[in-house]
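Here we start with a single chain on its own, the form predicted alone, put down as structure tokens.
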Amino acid sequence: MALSSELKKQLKNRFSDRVRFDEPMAHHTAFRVGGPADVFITVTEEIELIYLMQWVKENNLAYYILGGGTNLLVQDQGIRGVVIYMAKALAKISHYGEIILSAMAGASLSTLCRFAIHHGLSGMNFALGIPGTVGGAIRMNAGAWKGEISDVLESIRVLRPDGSIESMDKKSLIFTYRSVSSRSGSSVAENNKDLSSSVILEGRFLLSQQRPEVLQAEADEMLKARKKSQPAGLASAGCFFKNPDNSESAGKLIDLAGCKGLRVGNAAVSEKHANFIINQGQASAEDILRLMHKVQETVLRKFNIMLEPEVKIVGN
């Protein structure tokens, strides 16, 4: 996408050094791969996000909302359009009443978990060790240790395509494995409320009271078990494939198919956890994609099950 000098000037005037052009996405993803984004903008306030959403619409530009970049594979040619980075800045966490926490979409999920422990609130420990932001965790109904975001989410606040901000309670949401959607109707007005075209701004979580020392002890055990079973300190996007219905886990199937250690270029299936693809140093997105296809083909041939990626694949 060739952005005109006038449009670049508009962005520079509004966002100063928080806008970058041809920004390598490898700097912003846990996989440490990915080509350049045409435009990369860090937003620090909701009003900036509202402005940007209207600006991209007026100028007929594609956009992508980026959180922690942890469940994401950006292809080698990068992302056309505008990447809107929400992590770290839109990150406020608040305590309401006795058992409700509110977190902005850019807050780290692990920070929210630690906040809950400190305030003696139980229910978030399942998410300890899940990387990424609160917004991304809500969007994919993140889960581990037999818990999911849907278990504790009370409501969300979203920015609609028309620029309005609306709260949605849990009853208006449909949660499935690694996804959430809204209950929409057939009218234009109702379709405007489709969650896929809205930006999640904030989540509220309904928890329960527990002594902080009890929660911390539980957290320590869970993190110890996670460290023992998953590769640490290596570039990856976490579990790469969704667990199929009515079957063994994806990791178990990949292991039984003999794919542990399988490599393409500098991408490899982890020897420690078969559902992790790791960047061993200088892998390209193409290496990772080719390895993904090899694993899928091998598991399909052995078990007649086609594994679906849990990782979001974006760009060209």
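Each residue number is its position in the shown sequence, starting from 1. Fair warning: this is a prediction, and the values are worked out from it, not measured in the lab.
In what follows, reference is made to the form predicted in complex with a small molecule, a form of this protein that is not presented.
Three-residue candidate spot 66, 137 and 143; every residue lies within 4.5 angstroms of the small molecule in the predicted bound form by at least one non-hydrogen atom. The closest heavy atom approach of residue 199 to the small molecule in the predicted bound form falls within 4.5 Å. At the 4.5 Å threshold, heavy atoms of residue 131 reach the small molecule in the predicted bound form. Although the partner is absent from this view, residue 8 stays clear of the small molecule in the predicted bound form, with no non-hydrogen atom inside 4.5 angstroms. Although the partner is absent here, residue 80 lies well away from the small molecule in the predicted bound form, with no heavy atom inside 4.5 Å. With the partner omitted here, the stretch from 123-131, 242-250, 91-99, 163-171 that lies within 4.5 Å of the small molecule by heavy atoms in the predicted bound form is 123-131.
Checking 156, 74, 105, 116 against the small molecule in the predicted bound form, a heavy atom within 4.5 Å turns up for just one residue: 105. With the partner omitted from this view, the residue of 30, 283, 43, 289 that lies near the small molecule in the predicted bound form is 30 [heavy atom within 4.5 Å].
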